[in-house]
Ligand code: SAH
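A lone chain, given as structure tokens: the form predicted alone.
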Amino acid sequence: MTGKYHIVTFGCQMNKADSERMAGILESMGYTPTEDVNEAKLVLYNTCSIRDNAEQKLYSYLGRQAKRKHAEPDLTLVVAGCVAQQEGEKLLRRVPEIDLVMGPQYANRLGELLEQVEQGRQVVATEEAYIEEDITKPRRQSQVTAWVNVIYGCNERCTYCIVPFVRGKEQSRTPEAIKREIEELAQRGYKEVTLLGQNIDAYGRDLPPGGIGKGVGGKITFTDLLYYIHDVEGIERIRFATSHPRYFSRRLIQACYELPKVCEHFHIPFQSGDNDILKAMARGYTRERYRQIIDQIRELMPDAAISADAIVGFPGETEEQFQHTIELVAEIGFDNVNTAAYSPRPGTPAALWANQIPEEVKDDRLQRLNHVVQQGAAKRSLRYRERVEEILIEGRQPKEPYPLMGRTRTNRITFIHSDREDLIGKLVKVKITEVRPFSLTGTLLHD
């Protein structure tokens, strides 16, 4: 099987990391990438089922390619990721032109599944599977920064969330395997890694005690992992996502403070500012506990960036309860909040509740929350004005008036008045001249 391939990725960082691995497998099989979906002989949709609109977009894309397949029977159509896991064979009934349906746990088995397709089979791979240690070589989208999975799956049972059903049980990679991958990235010139997990604070719970473990009973924790991988030579920055307030520890905050390569940016979803809604969501913490975490971070790292996720219009949410979310966002002053209107997902408890909120109410609340988020982010951005920041240059912005783009340690996107491509992959000093709610502009010092 050879020819050109095209991958469309929906959703989270985990999906982006999975797409890079699948691209690596395809290229090892002889495929080459193309930006033009209509010249690809293999089209792969790596899907997200967190929101209904992502699913609807998938079906729109699939419809066009299914029609194309009637004229080009040798076109291979693959649906991977969370919608594939959720829908399984239903996808084939809806779009019979699909050749392969595969859940996220099969990302590193794409090659063997395509071999079955080549034999004339229509394949559905959605059975729960153990994710074998990945020896595939991802086709990384960046030459500077890289995703590194540390834990797959999720054991939480938030009443609105489909992730545990589509990504399976928690499965931690061994510290040794993670460190090997980071060392290899360093040897290839990468400067920054982002450690990924749906619930990264759960890392190590399923691993046997011993080795680097300093937790209860010698259990390995995510904090232990940070200390273990920190000194890989060549890596300049370490980030991680996503944290869960239920498991976020003071020891982790201390590690981030002590370890120079760990960036001062924390992504900790709070989802709602109301305790009754948090209880209905089965989140396992209170508004007060969340505030305590933020206070502890800022006590040690006052300049740290805090970002989060929030949902409006959860079943039963009153206007007063929504106002508690608004108040929390205003009080904390987030650098960014990913906001969303509640979307009922099949198989989740909250989708069956009778007290659903009308769409127009959800839309109105979302707009009001976004306004407060933007105000807070703009205020937080002011601290950068006229400051000199260390920026890791990630690449060029061909359509922007400022050709170079990078990020601060606190994850603020920064555009730079310079066209020096030799600086890509380097840490440089930049004087910030313009601030916006979610990005900065600056001038290179000593250009």
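Start at 1 with the first residue shown and count on from there. It should be emphasised that the depicted structure is a prediction, and the values quoted were computed from it without experimental measurement.
Another form, the form predicted in complex with ligand SAH, is not on view; read the next lines as being about it.
When contacts are judged by a 4.5 Å heavy atom cut-off, Gln198 counts as touching ligand SAH in the predicted bound form. Though the partner is left out of this view, Pro269 does reach within 4.5 Å of ligand SAH in the predicted bound form, counting heavy atoms only. Although the partner is absent from this view, Tyr152 stays clear of ligand SAH in the predicted bound form, with no non-hydrogen atom inside 4.5 angstroms. Ligand SAH is not drawn, but in the predicted bound form it has no heavy atom within 4.5 Å of Arg237.
Taken together, the three residues Cys161, Arg283 and Ile311 all come within 4.5 Å of ligand SAH in the predicted bound form, as judged by their closest heavy atom. Picking from 368 to 376, 302 to 310, 209 to 217, 328 to 336 the stretch near ligand SAH in the predicted bound form, with a 4.5 Å limit on heavy atoms, gives 302 to 310. Among the residues Lys57, His417, Lys69, Arg51, the one placing a heavy atom within 4.5 Å of ligand SAH in the predicted bound form is Arg51. The partner is absent here; in the predicted bound form, the one residue of Tyr290, Tyr342, Trp147, Phe322 having a heavy atom within 4.5 Å of ligand SAH is Tyr342. Residues Thr242, His244 of 242 to 257 are found to place at least one heavy atom within 4.5 Å of ligand SAH in the predicted bound form.
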